[in-house]
Every structure is written in C-alpha cells, then in structure tokens.
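Just one chain is shown here, as structure tokens, and it is the form predicted alone.
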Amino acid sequence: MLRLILAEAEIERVPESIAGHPAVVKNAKKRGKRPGSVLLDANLHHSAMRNLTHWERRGRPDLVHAFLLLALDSIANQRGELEVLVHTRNDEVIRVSPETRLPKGYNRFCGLMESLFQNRAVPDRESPLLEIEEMGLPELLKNYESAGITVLRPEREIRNLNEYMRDTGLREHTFVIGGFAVGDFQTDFSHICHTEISISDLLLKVWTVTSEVIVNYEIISDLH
C-alpha cells in the first residue's frame, strides 16, 4: 500500500479580509457566486492577495488538481494500492475515495472543491467521494507513524526512490509531499517519527515528485 499526503496544500476559499476587493468581486460575480465562497486563485486574485500573510505561496488550487489527477489515474490506484489525502494550509484534511473521477477541466474542478468546502462532503455525507474534516498535520501524521513516514524535502540526503523503498523492508509506505510552490513546510512535526529525504538536487514540481513516487512504488510492487 502506498499512501500519499499532499501537505500544507495552498487551497482555500477567499479570506474574508479580501472578499471585497474588486478583483475578487468581479470574478465571483462573473461566476454567479458570493466572493467568500470561491477558491483563492493567484492567477485571478493576485492584486488582492498582496494584503495576505504569505501571499506569495497562496492561491494554488491548480497544484491540488494536478496532484489528484495524476494520483487517481495511476496504475497503483486502479490496482487498489493507493490512498490519497490532502492537508490544507488551514488544517483541514480532504479524504479522497479511490473511485473519485475528478473533472479534467480546471474550472469544473474549482467548482467541485467549492462545493466540498461548503458542504463538507461530495456528493453527500452518506456515500462521499470527497470529504473534509478539521485536522492538523501532526495529528494526521501521528496516525501513520507505524507505517513509516517519509517526508520529501529539498536539501536533504538524496536517495534513489526505488532503492530507498526496497531498503525500508516495508510493505506499506507513507510519503508526504509539500503542496506549495515556494518555501518550505511551516508546521513543526519534528516530534513525529519520520524520515526526510530528497530525490534530486533540482527543485521539482509537485506533479513531478508525485509521479516519481508512484512509478517507483509500482515498479517495486510489480503492479505493471
């Protein structure tokens, strides 16, 4: 089993403090929605975001979209060998059913996630494909300490993923991938038992890291 946690993902609804900004109001009106109900998007709300703390890394639901599309369409997921979770910057955890089929189009994906934030489950609470709950990153990781947690982080010892996963001797792997485009993790989870490695001396995109982990797991597990 491979578990992927996209941590501190920069996906959130427009904060109240900038909901009245012209850039936000214009975009929300165009979509027939309230400003505070739409996802914060750096491409659309850039001029408003400069008033936010850590504005340079926020408003990136596109990273979550790319991550989920890649993970859910993978061989590992189709073989029943993948669990996917998204932890957001506001300490929420999105649990994703392996049967989820996400919209390929970005705008439709944003609409789906806006419904999730509003209703806390999609399509409903009885049989959710996506559901969201309040939970911090340390609390989430604590659940998987016994499974072996690996945090992928720049400027750590560079390891070949294939060799690394084989060397652990574990059948279950939990990998934590940063869900942000710039900076580093802001949460202190040093008290959680985990290993930190890098897979390259290059700064890699979220989707590149995700694909490397999945493909190497598929190879060592002979899922192809």
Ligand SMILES: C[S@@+](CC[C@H](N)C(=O)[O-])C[C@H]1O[C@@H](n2cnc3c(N)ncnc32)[C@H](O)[C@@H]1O
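Owing to the predicted nature of the structure, the values given are computational and were not obtained by experimental measurement. Quick note: we count residues from 1 along the sequence shown, nothing fancier.
Here the subject shifts to the form predicted together with the ligand, a form of this protein not shown in this document.
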Contacting member of Ser47, Ser37, Ser198, Thr187, with respect to the ligand in the model of the complex [4.5 Å, heavy atom]: Ser198
The one residue among Leu52, Leu170, Ala42, Ala181 placing a heavy atom within 4.5 Å of the ligand in the model of the complex is Ala181
In the model of the complex, does Ala23 come within 4.5 Å of the ligand, counting heavy atoms only? no
Would Ala19 count as touching the ligand in the model of the complex under a 4.5 Å heavy atom rule? no
Considering non-hydrogen atoms and a 4.5 Å limit, does the ligand approach Leu152 in the model of the complex? yes
How about Leu204: is it within 4.5 Å of the ligand in the model of the complex, going by heavy atoms? yes
Using a 4.5 Å heavy atom cut-off, indicate which stretch of 65-73, 29-37, 187-195, 173-181 touches the ligand in the model of the complex. 173-181
